[in-house]
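Taking the form predicted alone, here's one chain by itself in structure tokens.
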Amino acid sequence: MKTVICNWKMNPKSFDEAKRLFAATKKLSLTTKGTDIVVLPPTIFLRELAKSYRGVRIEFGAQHVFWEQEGSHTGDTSPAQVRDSGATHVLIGHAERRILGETDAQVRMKVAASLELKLDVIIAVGERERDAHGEHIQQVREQIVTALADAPPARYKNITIAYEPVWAIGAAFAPDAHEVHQMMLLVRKTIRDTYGERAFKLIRVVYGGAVNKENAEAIFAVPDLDGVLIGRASLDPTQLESIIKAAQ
């Protein structure tokens, strides 16, 4: 079963607009089968959207989390608070958070704290730029290995790795299907080589970065791909519909 993860980022501007966007997403979910949809709204909208939803086709997640369950951390949200809001997922290590200073070590702590609360973690990894010497490959490997260092094997089933090259986020064009497939193989090989066969079988791998209605079909045709993480396209019901159909 494929997964479409909708990262709304800091959109929309009001809760009324958020309700309309979610209503459109919910309508699309009613006409699809065999596709999981995860919606990541701004945290301030999360509880009301999650608590008002009565269906089973959509799950909710937070876009960011701290590694402590409570305390003097102004502006942050704990895994316990995410769980209490009605969410089941959390996005950790997105490039836009890393650019603000989030480190691999912090990602590691956030993953462990979220798994402790039995949240499903979506761990974003990806290089800022590609180079002829393959340094970006080592960068992605290190992000994966560090993020999973404290993950208990019993929770591997709750982990998704989202490969999202930073240079493709918000871009007009995504890497082609061959490039995406190469990186999917790298991610899976890194998981197997470092954490073994059980992790390899249970951890899901998705792609993100400039996914749209024009390229969704080609991206979903990539072997070893469990789904996509989309940003801008999740705010446009027409784009989202095409991506969900491609997922099917």
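Small disclaimer: the values here were computed from a predicted structure and weren't measured. One rule holds for the numbers: they count along the sequence shown, beginning at 1.
There is another form of this protein, the form predicted together with ligand 13P, and it is not shown here; the text below is about that form.
Not displayed here, ligand 13P is kept clear of Val39 by more than 4.5 Å at the level of heavy atoms in the predicted bound form. Among heavy atoms of Gly209, some come within 4.5 Å of ligand 13P in the predicted bound form. A residue is said to contact a partner when one of its heavy atoms sits within 4.5 Å of a partner heavy atom; Glu127 fails this definition for ligand 13P in the predicted bound form, lying far away. The closest non-hydrogen atom of Ile230 lies within 4.5 Å of ligand 13P in the predicted bound form. Residue heavy atoms within 4.5 Å of ligand 13P in the predicted bound form occur in exactly one stretch of 209-217, 183-191, 26-34, 41-49, and that stretch is 209-217. Residue-level contacts in the predicted bound form: of Ile137, Ala112, Ile169, Ala177, one residue has a heavy atom within 4.5 Å of ligand 13P, and it is Ile169. In sequence order, Asn7, Lys9 are the residues of 7-21 having a heavy atom within 4.5 Å of ligand 13P in the predicted bound form; the partner itself is omitted from this view.
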